[in-house]
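One chain is shown next in structure tokens, namely the form predicted on its own.
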């Protein structure tokens, strides 16, 4: 036990004292905050850019229909010819010109409208123009067919379904998106941790093996103790690095926002007609966030991080011991990455659609995918017994994988000069 403690301490100190580790620990938050600030700044510049669009309306049906907005100005050039309108747009460097021909047939007119410009307009702008024209033509067509528009508008019923569970707890329509964001972020973050720190373990084993240090070390400790020490020591270094990232990144983000006046959230897509959202809906949205099982999600994240990290790090360590260089690991990496990617895809395409369905439930029980899929399911509400079964299966499988990896590790660390195959790895397990 003392040997294991010494190995953990050695691996931890070797990681945190490494110059690259120190530089990246403090440089990464600076890079990320700088990148987010740049994206927010560029997004602000993009949103503040004002376009001027000329409207050439020969039909006379859309006079006053195109209203100026914060980012768009419409000018009427119906009094001049289309060719003159194009020349005017080019000379004034306008965004483009909308040409509406003189056609009284509404259906034919809808197919004849054109936009001329140096480049294709953005999708949002094009949809806005099409919506304005479509509403106008639809109204005119209904009137032409003898339909009373006022009766249609007065008869229009806006449905707002209230969502409530059997216990009487209300939720908003955005509740599923909130759960998706929290669960998706937790699952994706865990996958990145496993890949990053699992690779650290593998590189450490390869480094000691190629330097022949391993032969001296195993003369004093058992191979399984050495492997566990590397896994635990590297995980503690990773947790230390992540904690510094969170604290330093949050501080830098706050400082950057205060100094520059940029709001990082402004770079995110905005909900259309936000002013139509009532205070009650906003309050319900806040209630939905507070009703999320945050404590369960945090505890589960730590539990699944330990279980998933040990499971995959043991495999990484076994691969590191079996090869002589990092280049030789490529043939073994795909089987490791595949279940992690499968967990992400199942989470985003199955869990979000049906968190309690058969596919979601099964993959939240399979040890290689459960750390990711179950974390995505937890915000949607998971029965305690399913969570307990998943954790038990994960840690039982964990113990078996660590035992198998240790058998490969003890043979592989002393094997040199030959690329191992899956058949040889199976033989090493039987030794």
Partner chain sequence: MDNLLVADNICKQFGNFTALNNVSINIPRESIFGLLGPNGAGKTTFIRIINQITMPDSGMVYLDGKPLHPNDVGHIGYLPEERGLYKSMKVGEQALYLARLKGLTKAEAKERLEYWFTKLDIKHWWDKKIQELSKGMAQKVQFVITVLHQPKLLIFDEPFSGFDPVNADLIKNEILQLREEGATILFSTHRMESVEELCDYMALIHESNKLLDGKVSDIKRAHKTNTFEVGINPFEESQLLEELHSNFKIGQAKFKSHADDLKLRIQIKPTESPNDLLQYLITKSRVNHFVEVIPSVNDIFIKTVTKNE
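Positions refer to the first chain, counted from 1. Please read all numbers here as calculations on a predicted model, not as lab measurements.
This protein has a second form, the form predicted together with its partner chain, left out of what is shown; the following refers to that one.
Contact check for residue 221: a heavy atom falls within 4.5 Å of its partner chain in the predicted bound form. By the criterion of a heavy atom within 4.5 Å, residue 120 is excluded from the residues contacting its partner chain in the predicted bound form. In the predicted bound form, at least one heavy atom of residue 17 sits within 4.5 Å of a heavy atom of its partner chain.
When its partner chain is considered in the predicted bound form, residue 303 lies well away from it, no heavy atom lying within 4.5 Å. Residue heavy atoms within 4.5 Å of its partner chain in the predicted bound form occur in exactly one stretch of 333-341, 294-302, 139-147, 205-213, and that stretch is 205-213. With the partner removed from view, the residue among 195, 88, 239, 217 that has a non-hydrogen atom within 4.5 Å of its partner chain in the predicted bound form turns out to be 217.
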